[in-house]
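Given as structure tokens, the chain that follows is alone and in the form predicted alone.
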Amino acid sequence: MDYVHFNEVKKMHQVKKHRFLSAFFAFLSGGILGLLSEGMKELALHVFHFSFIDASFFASMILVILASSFTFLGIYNNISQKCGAGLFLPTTGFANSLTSAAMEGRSEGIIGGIGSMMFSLAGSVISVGFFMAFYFGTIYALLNLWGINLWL
């Protein structure tokens, strides 16, 4: 079987994706997740009388706990298949990645398995975060030094 024939057969049997429908579900699920987070923050502000920063941390913490729990229970992957990129906001997507990696290494023990698998993923993300913070911080400092004040 040659390569051209293989590609034709592959195209005939592929499931057709509806791009508009996928984008709509991603937009809808991301909006619902943002609304849920904002609702938790407002709850913490007005019911528990947290400060604004503490309420923001509270909402992020609840999202991380929910995403990690759903990943552990096997629910997150099923939901993310339908919702697409809407659930991969930085907080929930990162929590899902860390929990998945930790679950893969659980048979090898806490330190050698869970810790090493979890931080093999986190190490690259943290390294990129440090690099970008240094890069943009340097640009920000140079602009301030030259008298250009940015409201960041």
Partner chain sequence: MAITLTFKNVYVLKSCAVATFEETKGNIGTYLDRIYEDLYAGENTYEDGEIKMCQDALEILFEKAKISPKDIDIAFGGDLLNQIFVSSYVASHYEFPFLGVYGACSTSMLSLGLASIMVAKKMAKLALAYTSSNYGTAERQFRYPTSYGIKKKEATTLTVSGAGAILVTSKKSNIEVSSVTFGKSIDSKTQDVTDLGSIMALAAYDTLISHLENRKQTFEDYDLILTGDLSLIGLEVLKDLLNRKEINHLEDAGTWVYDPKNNKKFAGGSGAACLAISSFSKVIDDLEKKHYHHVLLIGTGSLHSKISALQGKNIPVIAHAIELKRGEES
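Everything numeric in this text was worked out from a predicted model, so none of it was measured. Residue numbers count along the first chain shown, from 1.
What comes next is about the form predicted together with the partner chain, which does not appear here.
In the predicted bound form, no heavy atom of residue 63 sits within 4.5 Å of the partner chain. The shortest heavy atom separation between residue 146 and the partner chain in the predicted bound form exceeds 4.5 Å. For the chain shown alone, residue 116 is not a contact residue for the partner chain in the predicted bound form, no non-hydrogen atom being within 4.5 angstroms.
Although the partner is absent here, residue 106 is a contact residue: one of its heavy atoms lies within 4.5 angstroms of the partner chain in the predicted bound form. Along 78-97, these residues reach a heavy atom to within 4.5 Å of the partner chain in the predicted bound form: 80, 81, 82, 84, 88, 96, 97.
In the predicted bound form, the CA atoms of residue 80 and residue 120 sit closer together than in the displayed form, by at least 3 angstroms.
In the predicted bound form, the CA atoms of residue 71 and residue 14 sit farther apart than in the displayed form, by at least 3 angstroms.
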